[in-house]
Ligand code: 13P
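Below sits a lone chain in C-alpha cells, taken as the form predicted on its own.
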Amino acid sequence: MQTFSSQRSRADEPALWLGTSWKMTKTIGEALAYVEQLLTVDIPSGMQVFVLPAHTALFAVANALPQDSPVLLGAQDAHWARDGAATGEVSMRMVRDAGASIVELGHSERRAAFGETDERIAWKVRAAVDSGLLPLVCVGESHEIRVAGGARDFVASQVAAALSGLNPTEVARAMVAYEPVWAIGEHGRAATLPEVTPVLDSIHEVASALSSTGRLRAVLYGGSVDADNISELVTADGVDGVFVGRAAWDAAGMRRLIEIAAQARRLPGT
C-alpha cells in the first residue's frame, strides 16, 4: 500500500496531470481489475495519473498500488468535520486513512443534487489541507450563465470562494478543475478552446491574486475529454492537465488517453 509521502514525492512538479473520477461505478472487484490493467501501462516521467474510486473501493485500491506506483489515489468527496454526528458521511482523515492523497470537492453534481454551497466547499478545502490532502476543486458555469456572458465572473467567484479559507502560502497546495456544466456528462457538448481559454485565464488571475507563489498546484480542464480532443487540450496555454470522465472509465480507454497526451506534450520516453 502506498503511503501519502511516497505518493506525494512523485507529484512534486509533474508536467502534466491526467485523472479520472469513476463516480458511482465499479464494485471493489471491478475497481481492482481496472487497477491491475492500469499498472501495466508505461506512464512516462513527468505525467501524474490519478484515479478517484467510490469510497467503498478506496482501501482495496490503495492496497493494490505498490509503493512506487505512478498512480495517485483520491476520494470523490469528504466532510469538513473531523468526526461527529454526520450519518452517511466520511471525514478527510478517514479517506486519507483509507489511502487517498487527493480529494475532489465541489463537483457540479454535488452542488446541484446535494445543495453544496460555496461556503461549505470552502470549509472542505480548509479541512482537506489541514488533513494533508490535496484538494481538487471543481468549478464551472451552467449553459444559461454561459449564454448570458457571465462565465468568467461566475467561475472566478467560485474559485475565490473555495480558496477563501486558505492563507496565501496554502493556495499553491490546491488544484482547480474547470468543468463547464454544459460540457460534462452523457449529454455534454465538447467545448472549444476559444470557449475555454478566457475562463482558464480568469482562474489563473484569481490564483495570482491569492497565492504567495502566484499560482495553484495545477489547473485542469474537464468536460467531454476524449481521444479526439485531448491533444489539443493538454497543449493549450493555461492547462496543466485534464480531468476525464467516461472516456477513462475502462482501463483500455485510460491507456489510450495516456499515450495520446504524452505524445502531444512530448514527454520523455514518448
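Throughout, we count residues from 1 along the sequence that is shown. Being a predicted model, the structure only gives us computed values, none of them experimental.
Keep in mind the form predicted in complex with the named molecule is missing from the figure; the text below concerns it.
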Notebook entry, point to check: Counting only non-hydrogen atoms and a 4.5 angstroms cut-off, does residue 141 reach the named molecule in the model of the complex?
Noted result: no
Margin query: in the model of the complex, is there a heavy atom of the named molecule that lies within 4.5 Å of any heavy atom of residue 211, even though the partner is absent here?
Written below: no
Next item on the list: Consider residue 62 of the chain shown here, and say whether it contacts the named molecule in the model of the complex, taking contact as heavy atoms within 4.5 Å.
Entry: no
Margin query: Within 4.5 Å, heavy atoms only: does residue 70 come near the named molecule in the model of the complex?
Written below: no
Checklist line | Output flag, 80, 126 and 131 jointly within 4.5 Å of the named molecule in the model of the complex, heavy atom basis | finding: no
Notebook entry, point to check: Just one of 35 to 43, 201 to 209, 232 to 240, 217 to 225 has heavy atoms within 4.5 Å of the named molecule in the model of the complex; which?
Noted result: 217 to 225
Check: So which residues in 177 to 200, when you check the named molecule in the model of the complex, have a heavy atom no farther than 4.5 Å from it?
Finding: 179, 183, 184, 185
